[in-house]
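Shown below, as structure tokens, is a lone chain in the form predicted alone; questions about how it binds or moves come after it.
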Amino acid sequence: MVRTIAIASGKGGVGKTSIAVNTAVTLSKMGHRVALLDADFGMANAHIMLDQKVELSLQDLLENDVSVENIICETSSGVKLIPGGSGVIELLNLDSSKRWEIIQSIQPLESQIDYLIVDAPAGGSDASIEFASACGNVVVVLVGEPTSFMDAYSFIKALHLEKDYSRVSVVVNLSNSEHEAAKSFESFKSIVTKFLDIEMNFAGWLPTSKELKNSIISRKPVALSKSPSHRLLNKNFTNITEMLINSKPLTVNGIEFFKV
């Protein structure tokens, strides 16, 4: 059975795609067969972080009847990348039937992969909620500041009320320490669980890091680096990935990847 994990956020700019890419690469390094679906059509840039040239994308799948196998990029990291189309108006305005078509189109990969990581659109749009809720696990990325908390809460509220999703994991990014990250999580959890009957799990944290920023600029995921300066980041990504591996997937009510 393919494990499906959505990496989501209430707002852009909190490191969601970087975490999605590095989690996918870490899973691949562990020996798992992994695909990464870049569904963040407004900012579809997972291919940039993987230094991968893209010729076809989900736009070709929807408009030109190209199969998912023909748009997949086999990256040097071992991750199968299913590229989105960055800033393509048609993809930004997908209706429910087109989102269903994308979810259904991934079905042929079922025998080829162990994990599907979905880089969901940032924010609380219909597309964000639908792609996230089609996964057995949802990870919400936030940073320890009020606007990030508010936006992440709005996303989780919509996911819970519209899709009856009952558990999410949280990664705190750009933190000064593990203690500070855990404190941010507990503060956020207290806000969410005060108003919503939903389980919240702390999946891990990442530090404020010049190395991570530079890895994005250099188009080399930090999870592939063997540099001593990246040791803490790699340890954190490994901890996050192991937490997700051990997190029991939800039984999803409604549309789900590989169950359509």
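Residue indices: 1-based, along the sequence shown. Computed from a prediction, not measured in an experiment: that's the story for all the values here.
The same protein has a further form, the form predicted in complex with a small molecule, not shown here; the description that follows concerns it.
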Considering the small molecule in the model of the complex, which of Ser184, Asn173, Ser133, Ser77 comes within 4.5 Å of it through any heavy atom? Asn173
Looking at Ala158, Ala122, Ile113, Ile71 here, can you tell me which has any non-hydrogen atom within 4.5 angstroms of the small molecule in the model of the complex? Ala122
Counting only non-hydrogen atoms, which stretch in 25-33, 187-195, 62-70, 205-213 is within 4.5 Å of the small molecule in the model of the complex? 205-213
Examine Gly12 and determine whether its closest non-hydrogen atom to the small molecule in the model of the complex is within 4.5 angstroms. yes
Is Met49 a contact residue for the small molecule in the model of the complex, using a 4.5 Å heavy atom cut-off? yes
Should Ser18 be counted as a contact of the small molecule in the model of the complex, where contact means heavy atoms within 4.5 Å? yes
